[in-house]
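The chain below stands alone, shown as structure tokens; this is the form predicted alone.
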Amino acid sequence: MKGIKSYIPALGLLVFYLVCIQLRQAGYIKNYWIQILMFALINAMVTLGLYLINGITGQFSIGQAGFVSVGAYSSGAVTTLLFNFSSLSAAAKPIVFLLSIAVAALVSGFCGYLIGRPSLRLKGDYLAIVTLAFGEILRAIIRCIPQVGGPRGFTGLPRYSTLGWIIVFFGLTVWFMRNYIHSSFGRACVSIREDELASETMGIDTTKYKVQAFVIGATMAGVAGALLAHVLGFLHPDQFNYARSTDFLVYLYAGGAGTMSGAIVGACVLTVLPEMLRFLAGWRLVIYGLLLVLMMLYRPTGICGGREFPFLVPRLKRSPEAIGGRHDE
């Protein structure tokens, strides 16, 4: 029975996918809303990476969109420039697609290491400025590479990402984060967040764990970027500006920076909400902003209020305070 319970989240995602497909085929859900759902899950993956950096390790990064762009362009280069995706056989396409995602993860993780190793000695506003500058540098570099379209944008990408692929990678991301956070590595990151000096005194290599968290967060963003590139079929450097990084911060803190549940719920709700308010035309952004202001005033702990979904906490560690929860919540 215990073994069956561990598979309930995966079975839930499978049922969710089958229900969405059936509703679309029956005409109850349009392809437009399926695409919005795909964007929501991709944003949740990026926000989970930011949660590890900001929420668990206690750093303050605002350059997550830069890592998304690295993953998107790296993946697009593999499927479009390295391979002629449209000419591949049906059996080869998923292999090349997975290869492009692996390349995106490696390149993004490497960029995360390059920026994290020297800059994570900084704290607070200084780290935020460095990560913001890094994202802008990446955009400038992309504009100078004609092979990926430069300032005109990268066109002709195969739209191979489907709801099924995205749910699989979203599930893997959640599974990895759940196990990492509740491991000795996650506990070390939490101790750094709570008191870095005390952590060093207890023998924790704070630089190592901060860089590790930064690399993992960047890798997740890169995978999400690869999926995004093959949903849109087109990339432009301005899609990944500092305003986009700010969106991910809003998703994290609006949902609740202290829990995985907050990162997931915040990203999904705030991705879908503007589309649901589209009937208000120009007023939708006013209403959207007003709702965010009211939530921060009257529920500063976020939508989830510091609470974690039970399936995101290992059975032996379930308690009133989840390991990711912040003491000030």
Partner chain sequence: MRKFLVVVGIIAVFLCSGAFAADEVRIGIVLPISGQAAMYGAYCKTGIELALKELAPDNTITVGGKKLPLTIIYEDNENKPEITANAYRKLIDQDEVTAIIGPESSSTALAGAPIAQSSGIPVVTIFPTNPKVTQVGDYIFRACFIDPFQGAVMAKYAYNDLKVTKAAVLYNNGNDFSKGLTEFFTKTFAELGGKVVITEAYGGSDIRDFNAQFNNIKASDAQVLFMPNTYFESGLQMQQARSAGITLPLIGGDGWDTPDLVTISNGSEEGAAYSCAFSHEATTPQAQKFVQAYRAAYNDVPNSNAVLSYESLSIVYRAIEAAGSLDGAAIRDAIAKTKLELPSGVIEFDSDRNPKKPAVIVMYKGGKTSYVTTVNP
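Positions refer to the first chain, counted from 1. Please read all numbers here as calculations on a predicted model, not as lab measurements.
Omitted from view is the form predicted in complex with the partner chain, to which the following refers.
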note = Interface check vs the partner chain in the predicted bound form: of Thr207, Thr155, Ser86, Asn179, the one with a heavy atom inside 4.5 Å is Thr155
ask   = Among 48 to 56, 283 to 291, 296 to 304, 258 to 266, which stretch sits within 4.5 Å of the partner chain in the predicted bound form, heavy atoms only?
value = 283 to 291
ask   = Should the three residues Arg121, Arg193 and Tyr242 be counted as contacting the partner chain in the predicted bound form, with contact defined as a heavy atom within 4.5 Å for each?
value = no
query = Wondering, does Arg187 line up within 4.5 Å of the partner chain in the predicted bound form on heavy atoms?
reply = no
query = Does the partner chain get within 4.5 angstroms of any non-hydrogen atom of Leu228 in the predicted bound form?
reply = yes
query = Should Ile62 be counted as a contact of the partner chain in the predicted bound form, where contact means heavy atoms within 4.5 Å?
reply = no
key: 4.5 Å heavy atom contact, Trp175 and the partner chain in the predicted bound form   = no
ask   = Can you name the residues of 232 to 269 that have a heavy atom within 4.5 Å of the partner chain in the predicted bound form?
value = Leu232, Phe234, His236, Gln239, Arg244, Asp247
